[in-house]
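This document starts with two versions of one protein chain, written out as structure tokens and named structure 1 and structure 2.
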Structure 1
Amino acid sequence: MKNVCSGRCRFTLVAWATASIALAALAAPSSLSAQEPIKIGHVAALSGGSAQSGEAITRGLSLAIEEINAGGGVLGGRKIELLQRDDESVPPKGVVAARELISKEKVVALFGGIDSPVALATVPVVNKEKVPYMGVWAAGTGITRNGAEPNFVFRVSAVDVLVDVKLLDYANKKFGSIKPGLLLVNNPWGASNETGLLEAAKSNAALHIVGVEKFENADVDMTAQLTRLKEKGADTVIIVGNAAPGAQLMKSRERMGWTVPIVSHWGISGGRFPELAGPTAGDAHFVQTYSFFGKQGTIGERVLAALKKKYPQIKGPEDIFSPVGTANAYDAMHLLAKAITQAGATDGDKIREALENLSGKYEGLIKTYDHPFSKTEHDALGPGDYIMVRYDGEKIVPTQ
């Protein structure tokens, strides 16, 4: 009996051990999968004239991701990992980068950069691949209002069609403008604003746009365009362009000795505008969504302190370049993390649905978000979230 029991026990032990090994083998991939990081992509201008914008966005994303990971990550402890690619402000390069991050790196979501043409070229890709895309700078109206159903493109940033109303209203109230002239970059972003500005002017009988001029990103002299606007009686010039051409516009204006007020979209804050434009840089008043100047709320104080700690060169608000990129990206990353948590998965369609139906309020840097998106509204910010600023040396300071 003893020998039989001994053999039977040995068989039972061997069978139990074999089953345990098999179960462990089956369980291991699942356990490992639960610990794999959740990859988030960012395609933006990380070099060239608009590199500051990409770096500003990187800072906002990095701070938010560090906070999220320090708090335990998402989906049972999975950390978020940021993967970045440089689009060099060139749409085809942005599309290639987006495809590579989606197909090779298997990113769960993508963040965009400053350039509307790049974002507009990327929109069909993310909608086809069902990968949520979060715009945090590019303001082209058609980025989010792209006609796709379902639409995977969201934005925590300004929207051209709303900014255009703000710019004309500001020119009228701040400078008494009734005859604004438009000077716009000759690309889809400029076209988006041309449509928006002309439409916005129709709602104000006191305003009459006297002329529309275009320029190329590589232009180094805009005297001809400005001269034509001056001859038509323009009493302000509304500009839409990035830092380098914006600076050339200011230099051309200075050479002409024309002191016409300049009201600008925010592209000029994405690069070395004050350095390139010279002493008249402060004459350009432009739109933003956030300022680190003035009394900060709890979140603002926390983010400012974190920026100072992470980037020793930042001693105060005056050292934060392109603050809109940092602020928009910070809030957008937290909103995306909340959507992933609510979705309970990394599936793109589920994250999109969660973004459209985010529950509860989120106290962000720019504002407190309460159901920021819906099935038909994918822009989290509106005109009430815009402020006007100017350069004071290298500092961006409010004008109001």
Structure 2
Amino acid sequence: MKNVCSGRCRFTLVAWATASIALAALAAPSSLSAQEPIKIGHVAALSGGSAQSGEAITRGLSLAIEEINAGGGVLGGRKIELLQRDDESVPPKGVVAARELISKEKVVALFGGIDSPVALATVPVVNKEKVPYMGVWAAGTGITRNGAEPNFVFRVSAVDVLVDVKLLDYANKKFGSIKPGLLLVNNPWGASNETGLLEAAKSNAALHIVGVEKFENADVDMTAQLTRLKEKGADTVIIVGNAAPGAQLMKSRERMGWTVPIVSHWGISGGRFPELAGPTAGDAHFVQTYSFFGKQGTIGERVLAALKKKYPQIKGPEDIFSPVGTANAYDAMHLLAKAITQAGATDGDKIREALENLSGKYEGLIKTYDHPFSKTEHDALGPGDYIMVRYDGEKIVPTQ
């Protein structure tokens, strides 16, 4: 090294001192007492392109937490406190955030976000740390079906494999489709559904998938992919992708003058699809777990009213973006609170067992849950809970 020992020595010290101070600040212990709130973590995309999904989940969680706290909290009056971290849709960031919430903040349970890769990367962490994880959006099949024993990952959301069955079934029943073509976004989510759709097609001998095409989120012209599907004789197009590329797809279809029916996963509901896709937006039929449009149940009315009150920019159902995120999160939070009460403790293993054996019915927003989870089934929603809808202007209306 250079001959400036006194200088170098000094900044060696400075370097280590910086490290120690920083680590010490992070290490500040937090002890728990009976009256302290129960901390619940939420790691999701709060910035970047998927930021809206994080906001939608936050709304659902906050609403449910307010209701629970107003009702006296859990475990003898302890309030629930929500801690949020941004994963920027990047898996390593999500893992760091999850570890921080678990180790430093000692959260009792974690909620996830829209990104399947982040959820998949977080799964090994929560299983190792024995902290229950509630998926409320990411539909990747492997998230709950991860092979761990015991498994701490639960989900109140759609599951790709089940949605895929539903989509093909719907295309077949509604449009008489026997030769569907697939048009999937080139990312993990698209890959997950490619597997799921091809698998689902095997169960129906009359149905034959004629082609699989991919697109990028930034693509503006999808006539090439559509033309290839058309040439292969596709009679329906099943799409998996978000609102922006989905809209480009509808525009390309319209430019070709092709009137093929479109059946879609729920990604297109994550943004302003009608605005982006233009006049043919209504041609796409897609899956949802819940719709705030149409006749609402008592819970639906209550949640809608609470949303309007809490978020003044919400005037009606058309202002609720990404409704599935809000609805799933709302129900999941209530289910978790019930499990904590039933477990009588904040211990992760006990909560997991309580979730797997949840007693009594819970009348939720999406449905009435009766024993939603079991030791082998960690998904609360199944194909029967999915509804098919389409856009009518800015409104979402059921098609069945």
Partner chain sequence: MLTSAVITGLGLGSMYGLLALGFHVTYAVSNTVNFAQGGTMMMGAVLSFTLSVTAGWPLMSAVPVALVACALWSILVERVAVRPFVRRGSNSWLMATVALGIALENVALFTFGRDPRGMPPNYLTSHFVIIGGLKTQYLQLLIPLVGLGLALSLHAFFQHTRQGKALLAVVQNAGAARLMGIDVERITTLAYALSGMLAGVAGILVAPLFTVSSTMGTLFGIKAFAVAILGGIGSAWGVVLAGLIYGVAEALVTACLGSTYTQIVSFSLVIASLTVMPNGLFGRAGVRKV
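For the two forms, the rigid core is made up of the largest set of C-alpha atoms that agree within 1.5 Å on superposition. Residue numbering: sequential along structure 1, first residue numbered 1. Please read these numbers as outputs of a predicted model, since none were measured by experiment.
Participant: Between the pair I just shared, point out the form predicted in complex with the partner chain.
Facilitator: Of the two forms shown, it is structure 2 that corresponds to the form predicted in complex with the partner chain, while structure 1 does not.
Participant: Where is the hinge, among 158, 107, 253, 354, for the turn of one rigid part against another between structure 1 and structure 2?
Facilitator: My reading of the hinge gives 158.
Participant: Across the change between structure 1 and structure 2, how many whole degrees of rotation does the smaller rigid part show against the larger?
Facilitator: In whole degrees, the smaller rigid segment turns 13.
Participant: Once you lay the two forms on top of each other by their rigid core, how far has the C-alpha of residue 204 moved between structure 1 and structure 2, in Å?
Facilitator: Residue 204 is displaced by 2.4 Å at its C-alpha.
Participant: How much does the C-alpha of residue 176 move between structure 1 and structure 2, in Å, when the core is lined up?
Facilitator: Residue 176 C-alpha displacement between structure 1 and structure 2, core-aligned: 4.4 Å.
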